[in-house]
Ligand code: BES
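Only one chain is given next, in structure tokens, and it is the form predicted on its own.
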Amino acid sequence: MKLFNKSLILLACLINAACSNADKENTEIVSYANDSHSYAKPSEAIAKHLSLDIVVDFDKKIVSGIADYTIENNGGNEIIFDTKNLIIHKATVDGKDVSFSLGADNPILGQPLSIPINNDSKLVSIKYETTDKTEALQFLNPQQTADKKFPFLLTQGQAILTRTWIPIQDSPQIRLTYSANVKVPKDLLAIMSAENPKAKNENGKYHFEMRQAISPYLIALAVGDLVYKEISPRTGVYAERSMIEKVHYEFADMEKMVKAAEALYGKYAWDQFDVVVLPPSFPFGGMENPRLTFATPTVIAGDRSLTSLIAHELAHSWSGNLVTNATWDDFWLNEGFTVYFEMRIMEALYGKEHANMLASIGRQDLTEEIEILKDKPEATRLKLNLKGKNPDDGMNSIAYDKGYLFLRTLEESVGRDKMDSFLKEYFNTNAFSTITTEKFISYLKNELLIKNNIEFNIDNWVYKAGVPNNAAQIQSDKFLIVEDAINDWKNGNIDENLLCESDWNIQQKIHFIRNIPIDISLEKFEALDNACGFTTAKNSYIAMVWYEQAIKHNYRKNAVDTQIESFLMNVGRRWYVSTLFKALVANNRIDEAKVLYQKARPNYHSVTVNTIDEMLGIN
């Protein structure tokens, strides 16, 4: 509804001195936050629906087509879209060609695309194509896939990369519905963050509908030789043929996770919860694209030991997808809430001790992150100021683990029952909208703290560096057992074979490896490897933390250097890759790191490339 119509409704209500609740809702004028990472001016003109008609060309490695937008004009004479490294061929407004303009190119933000409109303009069409500099897209050759028979395409839009494959108003606060027609080679299946096909068709043409309004970074596409296998009527998995049975086994608890999540904070709002396991170059552990989570193959461990990642992405269906951070300065509202929700799901399914082990690992990560950022204490605040910076700079343990710790401390202050009631209402009240940190704080004070006469040091948590003194203490009894064993081993009271025969779960093994004393001799380090076989571990998480320790301890035996090179060549998950390159740099092996990186770099997504380029000083 346009602004002048809302004003008329409001005037009528005032004249009659009475308004229904529905009228009050209709008169609300949306207020948009200042988003320094988007050129769009949604208060003047905003896109409400995207109809995408594109062709995926694997030979040219481009996506091309038309983006049709249904728009709402609130008094502007132009509508501005975000673009980066796109070729814009033509723009039309209500079917008529118009002159468009591209503004100055910013290395982070790209270029604003300005299209003139009138008060009654309804439809804007943009004909475009991507380029070889498009960061969201990764075209993979068959050798980079599991089956090594067909090429693959994946997209990654978070945080501000959707503008590199679709001209769009690329701010998380600008939610829109979308539909898409996608043409791909007939041997391949296309799937999106929308209603999806379960099998290939004969012509390679696929249609998609996303009827719930989502933020632009959640528009996602994958194209490959994919097959689907159902877990329950509303959950299932996509993967390459050689992977599908392993993936189906690994994620067998997905329906249980959805039910556990619903029992906590209300009905799942997206109808379907499917997961696609992508080739290993995918840069994140998972990406919570609505209806279709993207996941890394590094979680396919064969024993369901790393599936907390699926609980995390599922939790985003409430915290992130349903209630979304308005800007990337508010990123902690997505991730801190999601880690908290993830832990609650894991506790419901596998017990409090299991959740405490996961939370304890996160607490260690947070301590390490704060130490890394000690010269930039402002970066350890929950509410960030990322103006002029890549929003990826804020995607670290501060948002995730400090955000979680804030909520866990709050829970311990108010009690779990009150906390759960508050969060359930928070998700319900703010469903399908976006929220700033300031709006959340106001809601928290009014709906939880004041109602229950509770004081809480919100400002210390949100706007100040580090972790406040009242932070919840996280303790895992099973980790205490590990720590006792480490001390006994260090003091020579038990040998390596006894350690490796311990009936420890994966999290305990991770805790053990991460806490190997730095002063342990190389002889004991090698004896541990010989007994436990960590250098050739099949579990990717164990392998990563072991390789990090091997680098820190200058352990070069048992072909560990060869295994590290193979790992970096075949895994593109940014967390894993950056951890090992960071360790190489810190241990004066930067020249070796650069040689390794030059070999591995072609296999990485741009998200990973940008991080490692900066770390190694590569322009």
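Given the structure is predicted, the values throughout are model-derived calculations rather than measurements. So that there is no doubt, residue numbering starts at 1 and follows the sequence shown.
Here the subject shifts to the form predicted together with the named molecule, a form of this protein not shown in this document.
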> Even though the named molecule is not shown here, does it sit in the model of the complex so that Phe284, Glu288 and Phe331 each have a heavy atom within 4.5 Å?
Replying inline: yes
> Any of the heavy atoms of Glu335 lying within 4.5 Å of the named molecule in the model of the complex?
Replying inline: yes
>> Using a 4.5 angstroms cut-off on non-hydrogen atoms, would Asp392 count as touching the named molecule in the model of the complex?
In response: yes
> Wondering, does Leu309 line up within 4.5 Å of the named molecule in the model of the complex on heavy atoms?
Replying inline: yes
> So, in the model of the complex, is Ala159 in contact with the named molecule at a 4.5 angstroms heavy atom limit?
Replying inline: yes
>> Using a 4.5 Å heavy atom cut-off, which residue among Asp274, Glu135, Glu250, Glu313 comes into contact with the named molecule in the model of the complex?
In response: Glu313
> Here the chain is shown alone; which of Tyr178, Tyr206, Phe406, Tyr400 has a heavy atom within 4.5 Å of the named molecule in the model of the complex?
Replying inline: Tyr400
> Looking at 407-415, 260-268, 313-321, 423-431, which lies within 4.5 angstroms of the named molecule in the model of the complex, counting heavy atoms?
Replying inline: 313-321
